[in-house]
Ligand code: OTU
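In the block that follows, a single chain appears as C-alpha cells, in the form predicted on its own.
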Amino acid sequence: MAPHLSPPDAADVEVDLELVDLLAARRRRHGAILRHGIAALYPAAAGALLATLDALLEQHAVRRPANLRARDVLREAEPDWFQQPDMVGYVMYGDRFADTLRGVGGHLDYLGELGVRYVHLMPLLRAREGESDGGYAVAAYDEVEPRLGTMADLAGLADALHDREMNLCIDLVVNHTAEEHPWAQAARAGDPRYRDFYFFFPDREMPDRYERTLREVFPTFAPGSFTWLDDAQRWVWTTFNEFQWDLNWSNPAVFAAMVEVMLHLSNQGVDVLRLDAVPFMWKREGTDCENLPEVHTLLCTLRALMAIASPATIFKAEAIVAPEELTAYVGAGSPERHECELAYHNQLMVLLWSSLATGEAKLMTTSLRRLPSIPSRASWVTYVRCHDDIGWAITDENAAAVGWDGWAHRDFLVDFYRGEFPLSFARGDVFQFNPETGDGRTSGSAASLCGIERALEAEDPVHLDIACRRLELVYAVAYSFGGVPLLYMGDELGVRNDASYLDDPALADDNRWMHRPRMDWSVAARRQVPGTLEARLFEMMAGLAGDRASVAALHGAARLEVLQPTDSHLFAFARHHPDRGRFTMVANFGNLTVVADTAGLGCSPGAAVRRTGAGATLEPGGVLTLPPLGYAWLVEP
C-alpha cells in the first residue's frame, strides 16, 4: 500500500565502503535530531520506529542510483546551491504546459531562454478521478498521473534537467490522501491498522468538540471539517474536501509510511519536495489544529532523516499562514532549527498586489519590517502569482499601524481585483466568499490583474504600457527580495484569464482554473516577433533573470533589510552579504514621479545601476529619479 521496499537481493547487498562510511558520517551529524524528534513525537514507540527507520535507510542506500549518490556528495559540498543568484524557478502544470512529462522535456530550451534553473511541476502523482482539488487528492504516491506518463518518465525528466544544471521540484501532499488511496480503502473496509492512519469517530461528540476551534478552509463548497461515511458508519476528518482524508501523524506507522514515500520520490531524482498543507499535520483539541509545535518537530525530524538518506533532496514548506507564524517553517526562532530550506513568502505576494491597488507602499514597508529574519541557511520563495487564489492575509494590527482599517482594506482589495472598484484596472473574480466573515479571496492571472486584459480589450496602447510596467515592477521585486523567485507559467507571455474551464464539469465550480490555462505554443512563438506583447514580456523576464544572476549580493544568505523611505509611495530594501557586497532596490508604486537621495537609503557614493524600469535614472551625487511604476537595482562592492 506504500511504495514497498522489500529486502534487497543478496547480489545487491554489496555496498562499497565509501557509501557505508558516508552513511555513518551522516548519521553522526544528523542522528541526534532524528532520535530526539522521534522520542518527542512517539515516546511509547520510539525504539521500534527507529529500528524501522534504520532498516529503511539501509535499503534506500543500496537502491539509490549511482548518479544520485554522486549528487548527494556534491550537494553536501555546496549546501547553498539553491541560494545562488542564478536560481530562478518556473511553475507549471505538466499537462497544461506540454501534455506529458516527455513533452516537458522537449521544451527545456524554452525554459533555458528564461534563465530557469528550478522547475516546479504542479501535482503529478496519481489523483482520484473526477474532482481532485487540482490534483491534491492523491490516490497513489508511487504512480504518476497516467496522462502525464510513468514514474520512469519522471526520473528521465529529472536526468534531463540535471544535465542542464536545472532542478526538479514536485508536490507531496502530506496532510491527507484521497479517499481512493489504498490506505483509505483498507481503513474504510475496517482494517484496524489503516483505520489508525486516519481520524475516525463513531458519533459527533469529538467532531463537535474539535469544530469549536477549527476554521473552515473552503466554507462555500466544503463546509465543516468532518464527513459522514454511510458504509463505515463513521465520521472521518476532512479538513479540505470530503474526498481528502486527513492523515493521523500521531501514529508512528504513518510517519514510517510517509518516509518511505519521500525516499522513493528522492530516488527518482527529485531535488525539492514541496510539502503541501504542512500547517495542518498535527491535531489537538482546543486549538485550531494549525501550526502546532508538533508540526515543527515533525518537519525537523523528517529533515534530519532526509539529510542522512538523500542530502540532494530539500524541503519547501507550503505554509500559507499568518505573518507571525511564517518564519518558523524555515527554522527561525530561539534556538534556530534546521526545518525546511525553503518556504513561500505569501506576505510579500499579497502586499505587492495591495501596493499596486493603492499606489502606496507604506503597508508593505511596515508589515515586512515586522517580520523576523530567517536563518542564513534557509531562503524565501518569492512569487507574484501561483496556481492558487490570493488570500488577503493582511492583519488588523499591520493595517492599523499605517492608519487603515484591516477589514475595510481587505474588502477593498476583493472589490478592486474583481474590477468593481472605481478606476480599477484589474479583471479577476472572487473565490470562496464567506458571508459570515466578509472574507473573500481573488482568482485571476497576473496579466489580467495588472490590467493587460482590460487594455487589450480597449485597444488602448497607453494603458497597455502602464499595465506591462505594473507586471515588471512586481516581478522585479520578487526577483530580488528573497532566495528563489518563481515565474508562473504564462506570465512571461502575458497570458490572460481563460474561461474555458467553465466548459468542463469537473472544473467549472472552481474559478481558480481561470488562471491555470494551457500553454498555447503559437502564442509562445510570438516571443520571437519584435514589437509584440509576448516579445516585450519574454525579454523582460529573461532580462530580470540575467541581471539577477550577475548580482553576487542576491545570494539567498544575504541579510535582508527593509528600508523606510520618507515618501510612502516608495518601497525599498537592501541585501547585505559580507563577501558579496550590497544590493539595494527602490520602487515607486505611486502615480507621480519621485526624486530620492540614495544616501538616505544607506547607499554609498559608489552605488551603480544594474537595472532600471519605466525610465528611472541615477544622477551623479546619488539623485534617483523614479517615474510612476519605476524602479532601480543598485549594486555596491
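Numbers for residues come from their place in the sequence shown, where the first is 1. The structure presented is a predicted model; accordingly, all values stated were derived computationally and were not measured.
What comes next is about the form predicted together with the named molecule, which does not appear here.
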Candidate spot L114, R385 and R496, all three in 4.5 Å heavy atom range of the named molecule in the predicted complex? no
Consider F240 of the chain shown here, and say whether it contacts the named molecule in the predicted complex, taking contact as heavy atoms within 4.5 Å. yes
Look up in the predicted complex whether R274 has a non-hydrogen atom within 4.5 angstroms of the named molecule, and give yes or no. yes
Can you tell me if V321 lies within 4.5 angstroms of the named molecule in the predicted complex, counting non-hydrogen atoms only? yes
Could you confirm whether S310 comes within 4.5 Å of the named molecule in the predicted complex, counting heavy atoms only? no
Just one of F425, W249, Y118, F280 has a heavy atom within 4.5 Å of the named molecule in the predicted complex. Which one? F280
So the named molecule isn't shown here. In the predicted complex, which residue out of A557, A524, V217, M540 has a non-hydrogen atom within 4.5 Å of it? V217
Sort through 411-419, 313-321, 548-556, 367-375 and report the only stretch with a non-hydrogen atom within 4.5 Å of the named molecule in the predicted complex. 313-321
Taking the named molecule as it sits in the predicted complex, which residues of 101-136 have a non-hydrogen atom within 4.5 Å of it? Please list them. D133, Y136
